[in-house]
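First, one chain by itself: the form predicted on its own, in structure tokens.
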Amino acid sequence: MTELSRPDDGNQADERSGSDASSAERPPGPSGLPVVGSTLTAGRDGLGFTDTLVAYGDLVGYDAFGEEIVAVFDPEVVETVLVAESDAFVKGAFEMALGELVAPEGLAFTEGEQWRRQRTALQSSFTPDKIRGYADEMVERTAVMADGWDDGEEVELGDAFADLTLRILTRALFDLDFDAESGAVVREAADAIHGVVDRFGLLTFLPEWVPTPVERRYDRAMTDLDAMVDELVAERRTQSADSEGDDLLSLLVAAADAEEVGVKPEEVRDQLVTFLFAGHETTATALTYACWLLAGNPDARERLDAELDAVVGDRDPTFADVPALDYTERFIREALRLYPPIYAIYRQPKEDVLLDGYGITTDTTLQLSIYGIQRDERWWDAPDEFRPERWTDEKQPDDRPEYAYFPFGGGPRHCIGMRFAMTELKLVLATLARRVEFERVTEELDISMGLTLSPGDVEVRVRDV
């Protein structure tokens, strides 16, 4: 494991230990343009820019989006930052700027004691017993969607899965049945946030008083979202007066009403918004990639069908089947390796530190590159190829670092919904495969790095099986 050295800790982990991190050598990297640095290059083609960074080494420094950034492509450094020395790092200004757009008091963005309190309170909604209770909803909603498709119909997977995962999440976690209007409010807010993030670097160089269509759309969408959330919370507060619910929304409302708990009203709003976005957006993106891959890999499709025939036969899968769906899990793990919906994690050191001998100051944003590391040929044979079989036990190399694969993050702040998401991905994919086959209409993905690793519009033709 890479050892972190602070300027005055006496650590002799490398030749620069004990030196001043503020004066130590900076990681190499592209020089960029005056003032804007690499903002335009990174904004126009994030994947291509990531590929150019790899050539500079495992830690690469560059300026973009008004920030000094160090991209990290070393799994050992990732483990140091996320696990071994996690208390020495915080989310930082770059990621908190995104938090201000979405939900600054939500679990994804809070720090310290507030985060620990939130994490402890919310963890009870993601236990194995709770997830078992959500499984039927995942299967039933998927079956209804698939049964509604006509043989030969062309389907845009991103929209279909965004609607599906939002309905699953709101029913499972919040005991809500979202109608089309409520779903449209969430989707419009998500699209508006995507628009701001896609232009984030450019917008930072405009004065705040300069109105743009992107910002105006964002303001309208978030106003509508806030109004919907306020209404949901008010309705649940009224219902809770008559009966105690154990869903996540009821627990949040009850906590806010109990003065001794110390939950602020704005935290309820931000937690609800956090899970509305994080709980459906990333899963919908993962399902889009997975089904596109399934459509283009007949051998993988054949193996998946054989497993489903053996495990579930002519019925729909259940939670009890999940442990036996080995190949289904390998398929999903490989899809998440190639196309992680969250493609990078950001951290800033609380104090100036040395990482791999380079000086990392407190105003530096560390960009832990999930996408880059998970496609690194040092850790993966033929890294750009889709190979679910690489996840069999006998094909796992002993020398591969643990954090050569981390689509759900890692350490204390790993994704709280990881178990929920993996269960949903397996059950949805299995339910779909029992009913339909996909033929690619979209032959090439138009991948971009925005709020998530977006595949662009992905159209397939549905065939009954």
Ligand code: HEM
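Everything numeric in this text was worked out from a predicted model, so none of it was measured. One rule holds for the numbers: they count along the sequence shown, beginning at 1.
We do not show the form predicted in complex with this ligand, though everything after this point is about it.
For the options R26, R440, R413, R435, the residue carrying a heavy atom within 4.5 angstroms of this ligand in the model of the complex is R413. In terms of contact with this ligand in the model of the complex, the residue from I373, V81, L169, L355 that brings a heavy atom within 4.5 Å is L169.
In the model of the complex, T274 approaches this ligand with a heavy atom inside 4.5 Å. Contact check for Y56: no non-hydrogen atom falls within 4.5 Å of this ligand in the model of the complex. Within 4.5 Å of any heavy atom of this ligand in the model of the complex lies no heavy atom of W149. With a 4.5 Å cutoff on heavy atoms, G92 does not count as touching this ligand in the model of the complex; it lies far away.
Heavy atoms within 4.5 Å of this ligand in the model of the complex are found in exactly one of 225-233, 335-343, 185-193, 309-317, that being 335-343.
The three marked residues, L304, L325 and W391, fail to reach this ligand in the model of the complex, with no heavy atom of any inside 4.5 Å. Applying a 4.5 Å heavy atom cutoff to this ligand in the model of the complex picks out A421, L425 from 421-458, in order along the sequence.
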